[in-house]
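Below you'll find only one chain, the form predicted on its own, shown as structure tokens.
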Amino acid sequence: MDFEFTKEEKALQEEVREFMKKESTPEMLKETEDMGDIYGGPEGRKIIRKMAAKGWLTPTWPKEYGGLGLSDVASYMIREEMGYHGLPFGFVAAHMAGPTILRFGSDEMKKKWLPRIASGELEFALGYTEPQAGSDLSALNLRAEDKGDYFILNGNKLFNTSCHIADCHWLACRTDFDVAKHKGVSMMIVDLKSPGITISPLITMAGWQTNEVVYEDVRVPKENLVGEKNKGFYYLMAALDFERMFPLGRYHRVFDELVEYTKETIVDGKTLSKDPLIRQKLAQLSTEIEVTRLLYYQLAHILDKGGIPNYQSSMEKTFATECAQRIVNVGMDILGLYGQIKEGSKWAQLKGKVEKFYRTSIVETIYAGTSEIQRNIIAQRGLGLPR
């Protein structure tokens, strides 16, 4: 069993790293942190277009749609490097909606949307959660009435994070109220500038903006329906599998900086790195980071073999996001009261990263399905246990 990258993949990794180092400007890093690693701000759009020009935004896609035809292992490596160097790494259009369109969209839909996504022209926002539908997405009830050549949409969405900066809504809506809940859902692509859409901000404890989105008689062309009508719940589940593939890069970077901090910081006449409790905690985290990395690349291996990781993506997402929280918790232990000081203070250690990531790590175990939901998926689909 060989866990090494190929010679070509190693060369690509080095090229990507050099690119990331060059593009990780203070302006880019600040925008990424302030927006929660999502793409859509002015700095983010600049760098994504540069990546797209190299084919790195959608490297696994067929060349006819703007890809390079590379392996998913190469794609995962690019995303991991982006996160580690502080660049936005989670793209709804390229990483969630696009792969779903590739599998279920018509040829016309692929030709219309995929090249524009691959070029960095368009970004999507997830349109799943509603006030009454979070973990149970079959309970969503944003109504889409079929009017022949178009749909009329009415209803509310909640916690749709990047709607204020994205171009389109990757929207789950209800097209049939007279069948079992999961059988009446459809997926659509909606222009967020359409008349009748109102986006209102909600600010999280991390300082990020998420949104409430209200639809009032919004007209959506029938050609924007993804796949078949009323089959959207199955497409949504596939898109969620892609969403749950979580690169730990940015938290790995925090860990590496913590290790260096303990080597350089002297307390009571000796470096923190000599404290046996700190050494054990860091060694444990190092082990968990390596486990996360192997789980992460296992997903790429499954995709390269033609499968779609299902319970495996839930395993990786759960372990990775909980590992992220353990990293910042240990960071708080090591920094003590300094860990609570925000960036900008002269007393802030590691530029306030531990305090910032402590707040941002909370949502990691909630979005794309809570850790409790992920464990249910692992139990039922992975272990064959009853519902």
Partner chain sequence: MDYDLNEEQELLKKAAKGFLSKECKPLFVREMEEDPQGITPELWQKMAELGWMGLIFPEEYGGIGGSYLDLMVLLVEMGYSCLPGPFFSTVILGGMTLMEAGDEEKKQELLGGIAEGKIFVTLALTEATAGYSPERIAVKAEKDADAFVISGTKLFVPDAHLANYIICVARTKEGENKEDGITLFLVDAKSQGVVITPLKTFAGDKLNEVVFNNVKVPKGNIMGELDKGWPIVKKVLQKAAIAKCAEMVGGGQRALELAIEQVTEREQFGVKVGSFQAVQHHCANIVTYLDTSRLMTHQAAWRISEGLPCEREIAMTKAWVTDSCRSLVALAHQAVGGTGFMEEHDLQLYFRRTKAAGVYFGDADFHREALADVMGL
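Since we're looking at a predicted model, the values are computed, not measured. Residue numbers count along the first chain shown, from 1.
Not on display, but discussed next: the form predicted together with the partner chain.
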Check for me: heavy atom within 4.5 Å of the partner chain in the predicted complex, for each of D2, A283 and V291, yes or no.
yes
Quick one: does E14 come within 4.5 Å of the partner chain in the predicted complex, counting heavy atoms only?
no
Just to confirm, N376 within 4.5 Å of the partner chain in the predicted complex by heavy atoms?
yes
So in the predicted complex, does T262 come within 4.5 Å of the partner chain, heavy atom to heavy atom?
yes
Does R143 reach the partner chain in the predicted complex, with heavy atoms at most 4.5 Å apart?
no
Can you pick the one in L158, A206, V73, L240 that has a heavy atom within 4.5 Å of the partner chain in the predicted complex?
V73
Note: exactly one of K222, R279, K112, K183 sits with a heavy atom within 4.5 Å of the partner chain in the predicted complex, namely R279
Based on heavy atom distances of at most 4.5 Å to the partner chain in the predicted complex, which listed stretch, 194-202, 207-215, 88-96, 300-308, is the contact stretch?
300-308
Go through 17-33 residue by residue and record those having a heavy atom within 4.5 Å of the partner chain in the predicted complex; state none if no residue qualifies.
none
